[in-house]
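Presented below, as structure tokens, is a lone chain in the form predicted on its own.
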Amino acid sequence: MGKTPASMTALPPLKKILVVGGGGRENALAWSFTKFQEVEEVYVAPGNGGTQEQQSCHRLNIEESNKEEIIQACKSLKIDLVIVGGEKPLASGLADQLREAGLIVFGPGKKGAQLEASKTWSKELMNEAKIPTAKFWKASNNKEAQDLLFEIDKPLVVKADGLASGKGVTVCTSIQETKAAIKEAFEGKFGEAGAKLVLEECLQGPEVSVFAITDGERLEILPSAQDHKRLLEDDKGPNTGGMGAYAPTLMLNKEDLEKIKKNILLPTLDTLKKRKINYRGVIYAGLILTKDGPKVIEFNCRFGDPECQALMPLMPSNFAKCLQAAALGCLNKVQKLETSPLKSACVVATAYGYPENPRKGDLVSIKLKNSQESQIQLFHSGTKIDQDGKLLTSGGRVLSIVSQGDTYNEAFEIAYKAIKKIDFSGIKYRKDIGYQVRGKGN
């Protein structure tokens, strides 16, 4: 089942899908799959408090690390396609084990997931592929890193080599700050993820996210998006997993995306192939638009969160079929994606104490009369339903409020109006998401 017969002229039926993960990204993906008329049921493991609010969606109480139970559920439910949502199960090799069990899977295997799981591996691949990126240096202990800093003699970006849930990066503005960031990392700030570091030169320019779906041979690029990592307005405060996003961006037009495909994405795919890696899933390029052109800050091996929430409402109804085709290695057998011309806005509501120590267990009140109408989507992240049927906070990023409009101003106006109808103790959200495009006639 994991390989596509050469004689296949049409894709097999797609009636049942399993999404592995429990965040806002997975909630948004599951919602998008229900738009495809061929799909009968969408299952999410472990899902969250909003999973079953969506039509034809069902929550499976199986943790994403429980590979045996996931395989068993797929076989008993006759799942046609598995989407592995997050980087941790991908890095642990879940996609490989599911494929070995005969399942069709969208998501790279363990080797391909090194694109995100190891900054060192990723940077070395970029150099091999001659992809434009920042200069970098590797360090495996504090002395080695501090000696490198002394030689380089300028502020650097300090990155944990491993997975740190989007929070393993410190952009330093002074040598003293760089010294402190290195010391903190090796003292355990990022746990095992910071056992090795990558030090990078600081690049200047706006950041943008570009996502490509690949079947290992071909690429399909989605509209670009822009994330807002910092906790506070004006891009201040600590880094988070993401406080909001919008799509598409104005910074990249079709010609720019074609150049990024030619100069960054295709060379990446070619180099993965040279390394005998059959990569079927998402290649997510985090780019910085410098005066010398786009450069890669980092690669990720899955959809971004919250960019995914902003993007999914722009996807056509056959999006699920596109992912199935990629998983089967035959993107050429599905129609090219025709995405919506609307603008999409996403604002994330977070729990008290996020990101350092988010409080859990607060009662969530949602007074949106019809959150699933065409212009508004409410995607759950850190929520759960308790034994009394009450909706409670269960994580740092609680909900994503997403809306679309003909202009960015309209989309964000709808989103911010909707978020006022949501409440829980300690709720926090940035009021300036999309400041790059709002209030400018866009």
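Every value quoted in this text rests on a predicted model; they were computed, and no experiment measured them. Don't overthink the numbering: it's just position in the shown sequence, from 1.
What follows is about the form predicted in complex with a small molecule, which we do not show.
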Review point. Looking at the small molecule in the predicted complex, is some heavy atom of each of 119, 134 and 298 within 4.5 Å of it?
Key: yes
Point to revise | Partner contact for residue 111 in the predicted complex: the small molecule, 4.5 angstroms, heavy atom | key: no
Review point. Closest heavy atom of residue 200 to the small molecule in the predicted complex, within 4.5 Å or not?
Key: yes
Review point. Is residue 138 one of the residues lying within 4.5 Å of the small molecule in the predicted complex, judged by heavy atom distances?
Key: no
Check your understanding: Would residue 219 count as touching the small molecule in the predicted complex under a 4.5 Å heavy atom rule?
Key -> no
Review point. Pick from 332-340, 266-274, 78-86, 151-159: which stretch has non-hydrogen atoms within 4.5 Å of the small molecule in the predicted complex?
Key: 151-159
Revision key, fill the gap. Students should find that, of 129, 171, 103, 193, the residue having a non-hydrogen atom no more than 4.5 angstroms from the small molecule in the predicted complex is 171
Check your understanding: With the small molecule left out of view, which of 251, 288, 366, 71 would have a heavy atom within 4.5 Å of it in the predicted complex?
Key -> 288
